[in-house]
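The chain below stands alone, shown as structure tokens; this is the form predicted on its own.
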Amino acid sequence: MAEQLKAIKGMNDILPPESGRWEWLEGVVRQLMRRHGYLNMRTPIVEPTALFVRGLGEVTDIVEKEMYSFEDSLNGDRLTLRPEGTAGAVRAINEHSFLYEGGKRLYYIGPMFRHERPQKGRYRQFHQVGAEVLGFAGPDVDAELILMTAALWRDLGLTIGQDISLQINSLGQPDERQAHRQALIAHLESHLDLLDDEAKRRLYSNPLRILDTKNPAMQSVVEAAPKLIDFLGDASLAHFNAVKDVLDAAGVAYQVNTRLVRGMDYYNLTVFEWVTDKLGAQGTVCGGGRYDGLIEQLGGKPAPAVGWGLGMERLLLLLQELGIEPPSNAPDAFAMAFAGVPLPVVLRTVDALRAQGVSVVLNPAGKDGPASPKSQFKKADASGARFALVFGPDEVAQGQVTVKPLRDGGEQVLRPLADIANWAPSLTASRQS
């Protein structure tokens, strides 16, 4: 027997019934995007490696440690499986001059890839929902994106402040970050004996990321470090305050976290994360911010932009942890045909019901004909269907089918095969919303 092949570690199959939870979440997201006027975009999974090196920053963890990069054997190009969605979205916007007629609101759903140690809620192939608003500079758009995520939590049944919480910060503009960077380096240099090897490696290449350390021995150094918000000018503070004013007016609770920096170099001004304490170490569910310089950095005409990314695996884990489950996707009806019933009549009836919007699963006959009634009723019950459609020889001979309730009691009834349009709605009326 040939060796059984298995999926790559950290890249998971999603099969029914779990895939039904994914479809439900994707459906909720798409409805949210339609309400807010966001249009769907789809970009390649493979992009030039240079896109992420230039866009995310050479000394970010993603570029240094986590990207799946390889050389194209056909032409020698350096290619990478996308580790995040924003850089590819901006590349597409630039390449197709998509902002020529003005700003855009876009979203995408798809797989991303990072080479890291798999653990619960953190996988090598993971899935993101991303929303990007390009061409608008005002703080109202930053606030709109945050409010949109708050609306998503409400749609899913999450309680803000209890199940999931908002943290916000401002990174200011490049010159303000540069002044803070110099002060931060000076502070860290004065505590070299307390820095771990990773912090020393980053001291001059990306000192801001040191503030993200989880090393308990360095927390006192981090807490005493200069705060970026103290280096912000009037314009940056006004932008940040305007975002907070909208959140206050909308009643969305938040915490200003002056250590929040995000993992990519392209951010400026507003950054935010939605975090939870229900998933252990993997607490960030959604994050984003403004990235006004990235479009020009990747070869386009200068234009402002802001966006967020949401980890679908983590959000589904959080929903599961809280006992929030999607509505049942069980069929409306399970059709069964007994021995002696003409299969064309059964299939024609099932097809007509489906045309009326009824979801019907047909129990197929085996090579020796239909299974026993007991076996078929057992399968009908296991399917979760609300009704059984029983095609017995006597009923069919009279041009009828028996409709038997399986879940909520009630009497079985005979329905005419010639008048399906009139009774089909009764099979969908009790669907869970």
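Because the structure is predicted, anything quoted here is derived from the model rather than measured. The numbering used is simple: start at 1 and walk along the sequence shown.
Not on display, but discussed next: the form predicted in complex with adenosine-5'-triphosphate.
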| item | value |
| --- | --- |
| Heavy atom within 4.5 Å of adenosine-5'-triphosphate in the predicted complex - residue from 88, 172, 311, 289 | 311 |
| Proximity to adenosine-5'-triphosphate in the predicted complex, single hit among 108, 231, 98, 126 (heavy atom within 4.5 Å) | 126 |
| Per-stretch contact check against adenosine-5'-triphosphate in the predicted complex, the hit in 110 to 118, 251 to 259, 154 to 162, 325 to 333 (non-hydrogen atom, 4.5 angstroms) | 110 to 118 |
| Residue 122 within 4.5 Å of adenosine-5'-triphosphate in the predicted complex, heavy atoms | yes |
| adenosine-5'-triphosphate contact in the predicted complex: residue 285, any heavy atom under 4.5 Å | yes |
| Any residue of 203 to 230 that, in the predicted complex, places a heavy atom within 4.5 Å of adenosine-5'-triphosphate | 214 |
